[in-house]
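Heads up, the chain below is alone and in the form predicted on its own; it's given as structure tokens.
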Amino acid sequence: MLAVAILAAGKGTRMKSALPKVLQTLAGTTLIERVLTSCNQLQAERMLLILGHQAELLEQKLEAYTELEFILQQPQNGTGHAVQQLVNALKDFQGELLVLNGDVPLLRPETVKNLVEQHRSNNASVTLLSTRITNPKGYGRIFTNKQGQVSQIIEDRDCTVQQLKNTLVNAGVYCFDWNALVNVLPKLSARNDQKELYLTDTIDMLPTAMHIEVDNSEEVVGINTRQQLSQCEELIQKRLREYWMGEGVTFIDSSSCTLSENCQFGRDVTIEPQTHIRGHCQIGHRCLLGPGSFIQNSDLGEEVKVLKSVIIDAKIGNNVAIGPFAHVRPETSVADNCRIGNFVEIKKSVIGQSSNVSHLSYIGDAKIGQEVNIGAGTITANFDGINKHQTYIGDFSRTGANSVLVAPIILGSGVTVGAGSTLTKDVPNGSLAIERSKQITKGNWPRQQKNHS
């Protein structure tokens, strides 16, 4: 049997954030969720999360992970003290305990699975991940004997000058024989610089300690500062961009673009500079995105062009052109062969096939039919100060420039709206609707002259 314990009790003081450190995000996903993802291949019988700082907030954020058991560490007195909190929860448990840190987010599931398998095959008391780092400042050093067994781990701040020269460091990921560990946990002492109980002190108390060296040290990078968070973000973004370039996506300036791991791209997509794609996005074949665009939680069909525009929580059909400077807001659906043009904002609306909203318009809470042309400056006045109201425009209708449609209102199919009209009443099929005050022109109108004296 396997139990997994994730240490997530720390405040993360060096982050200087109101959020717990493990709720900071990388490519839109929290650190703690990334650690949980690294356990996907394990099929563990128990999943335990050790909480401390802002425990209630963490429980709230992770309520979708119903398999998690929350264990409170109060006060937080080191990693050894954290694992001591598991003694009651696992009092009848027989098997291995995998210990992960909530601030080590880049571990691959394959690496974690291999650690557990190697631990079992070696029949060790503990097996831990190690790696070599050119500048290992801040990491505990691993010392081994001639047989390659771990004899001791010494925290960075407790090392002598000679010991600091060792570049083999502890990644903070352990697989223990639980029965062996539970016998030595009470023996931990706080006789160290931090006055804390270190989990690493159990290593030289256990009969056999092995280590597995991870070739890519980037995989076990821990995050304690905003600088380290930024460095990890760069690693993830580089990994994502290289993957999608291998799948047929072109980046004009890859370093200026960011992606989410939940994005999917078709072939021959081109992503221009300063374009950011976040959340769950599905991008079809031969799309052209950017420059200067932001797309989040949206589905785009094939051959969509997005120029200097924002699309959030929307569904876009095939062969649609959007922008420049358009804003497609949540709950909007745009059908095939549409044009959403300059300085257009669309909110919670349906735009029918082959319809155009080309210039300077606001369309909110509306349903627009097929082959409709919305003239420049057309506004759906959907809000009466208390409630939002619907606008319906039938197929093949046209609105003139600077029209205002005061909702709730229905325009039938084949309707023409005269330029400058403000409509408050429904218009039947095939009608022309005009609402204007009479133009008054007065000749010989004296112009006031500026006094230049």
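Everything quoted here is computed from the prediction, not taken from an experiment. One rule holds for the numbers: they count along the sequence shown, beginning at 1.
What follows is about the form predicted together with a small molecule, which we do not show.
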### Query
In terms of non-hydrogen atoms within 4.5 angstroms, which of the given stretches 205-213, 116-124, 192-200, 177-185 touches the small molecule in the model of the complex?
192-200
### Message
Taking the small molecule as it sits in the model of the complex, is Arg14 near enough to touch it, meaning that at least one heavy atom pair lies within 4.5 angstroms?
### Response
yes
### Message
Taking the small molecule as it sits in the model of the complex, is Ser361 in contact with it (heavy atom to heavy atom, 4.5 Å or less)?
### Response
no
### Query
At the 4.5 Å heavy atom threshold, is Asp103 in contact with the small molecule in the model of the complex?
yes
### Query
With the cut-off set at 4.5 Å between non-hydrogen atoms, does Val372 touch the small molecule in the model of the complex?
no
## Note on the structure
Picking from Ser293, Ser349, Asn382, Asn170, the single residue whose non-hydrogen atoms come within 4.5 angstroms of the small molecule in the model of the complex is Asn170
### Query
Since exactly one of Ala82, Ala314, Leu128, Leu107 fits, which has a heavy atom within 4.5 Å of the small molecule in the model of the complex?
Ala82
